[in-house]
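We begin with a single chain expressed as structure tokens, specifically the form predicted alone.
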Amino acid sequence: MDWAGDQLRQIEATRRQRLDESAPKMDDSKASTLLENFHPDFKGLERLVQVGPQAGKLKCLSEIAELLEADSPLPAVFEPSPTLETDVLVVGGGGAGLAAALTLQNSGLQVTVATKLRIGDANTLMAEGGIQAAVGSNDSPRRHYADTVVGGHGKNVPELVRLLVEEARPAIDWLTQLGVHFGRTEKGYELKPGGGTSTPRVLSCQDVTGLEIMRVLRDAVFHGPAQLLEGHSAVELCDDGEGRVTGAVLWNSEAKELVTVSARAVLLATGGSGQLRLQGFATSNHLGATGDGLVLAWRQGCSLVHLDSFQYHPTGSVFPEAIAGQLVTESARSMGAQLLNAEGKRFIDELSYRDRVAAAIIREVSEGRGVTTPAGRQGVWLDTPLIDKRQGEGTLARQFPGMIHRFKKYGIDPSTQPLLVYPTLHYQNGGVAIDQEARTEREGLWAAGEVTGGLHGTNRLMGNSLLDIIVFGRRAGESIISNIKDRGPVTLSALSRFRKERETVSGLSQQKAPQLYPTVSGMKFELKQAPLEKPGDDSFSQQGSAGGSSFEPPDPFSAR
């Protein structure tokens, strides 16, 4: 980073002096002003959605509104004719989906996991910091609850938070039994502080916690009875014509063909939407995070909550350009790394809530105290060499091997050089409304993980997302076992109603949704052969009739 030589020398010269400095403090009034003036959620770019179950009521970013109002990619003449039957269809191969699949595997139910990419390719494996659980001697679920609700600005659903914190310890025990190697000391689990935690509560596996969790979940699922459909994206949910979800239409991206699945229960575990790159922000998210589950649930009539709130993680990488947007874990700040502007000055308590820290960084850049990279990006410094100064030589290399590996490829050593960071689109705070059993408002449809909303309020704490996917993934599996119904007819009646509603509104975008891939990727939904209209086809009318009571398989002799 020769281009920043003067600033780097200034930072190095003041490092020892800053080591014992207290972090800048900010009262709640000033914090509120900071958020209103600089956080992306407060830019006033929201509008009301015009089509769907909360038309005229749900306010969200215009980019999200267009997605929810968009038409299905399914051709108008497509008629669902199930070619695959299963008891439970899990849509999504990340942490929540696999936790549910493992919970279901001894139930006697046939489980099918359909995922857009490969099993395990999801935001879960990219989570670095850790997972919260009140397992420390000075901690309690009640304290975890209070931290979570304060962090979420009091907009969390209390019952969901209570379940999250009370079931944290069993979740850790379950993961440990599966084979997750959490860091330990002689006294027990090694616990780190996190932004907004009142006591050290974050368990981790160095800085690859999500990768380690996904490793064991994936291995367990691979050795279980679940049927796995990789490269199969859900493009529409099916229903029985009377309000119960009964399956899905999947798109086989390799064969470029549609597959209709009849299921007695469907779980949405499709993750978040960072790859929509809202407001032009870079993202830390996985390739598949395009908000698919929001669209699928919306067209079935499910309510969405807090979709005007997204988490911009304060420390996304800005330089080098090849890894712009990738995460620099919050654990770096919890271990002592300081944020510095172009003048070499601290400007925020690094362990304040994520939304405050992100807003403070945006403020520094907006007011001319940011650092500009050769590619024109702007950010502030994260003085990572302080970690070794504060925690002992070698700590950074021992605790953050992933960070070291990522930056050393580009000639940057975080143990001797600060990193350049700026907020990156990281987490979808809101989503599909669920109850304590992860049930949506639509019978037959469950949801778990980042696709859901309400648990985290409007600002998630570090480490609560990994806990969320395990606790509510497992709860979804248990609820399905207790509440699964008989097989029903498979229709697209909800989509038909949605399309008729769209015809009553003028000026809607012509885009299709689910989007499935980031726009910049150039990847898109396409069919090898368009489906043909089937006038007078009795087989569909039997399977898809709204008033039918049971699944009737196609006549195997009809073509003879």
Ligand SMILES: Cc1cc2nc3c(=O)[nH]c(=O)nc-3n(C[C@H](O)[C@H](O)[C@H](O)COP(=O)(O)OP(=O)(O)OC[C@H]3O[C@@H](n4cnc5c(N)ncnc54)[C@H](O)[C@@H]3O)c2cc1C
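Just so you know, these numbers come straight off a predicted model, no measurement behind them. Counting begins at 1, following the sequence as shown.
Below, we turn to the form predicted in complex with this ligand, even though it does not appear here.
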Every residue of Gly92, His232 and Gly463 near this ligand in the model of the complex, heavy atom within 4.5 Å: yes
Only one of 299-307, 256-264, 279-287, 140-148 has residues with a heavy atom within 4.5 Å of this ligand in the model of the complex, and that stretch is 279-287
Contact with this ligand in the model of the complex for Thr124, defined as at least one heavy atom pair within 4.5 Å: yes or no? yes
Should Glu364 be counted as a contact of this ligand in the model of the complex, where contact means heavy atoms within 4.5 Å? no
Heavy atoms within 4.5 Å of this ligand in the model of the complex: does Leu516 have any? yes
Exercise: Asp239 in contact with this ligand in the model of the complex, heavy atom 4.5 Å: no
Between Glu128, Glu79, Glu167, Asp87, only one gets a heavy atom within 4.5 angstroms of this ligand in the model of the complex; which residue is that? Glu128
Of the residues Leu163, Ala220, Ile323, Leu117, which one places a heavy atom within 4.5 Å of this ligand in the model of the complex? Leu117
Residues of stretch 309-336 in contact with this ligand in the model of the complex (4.5 Å, non-hydrogen atom): Leu327
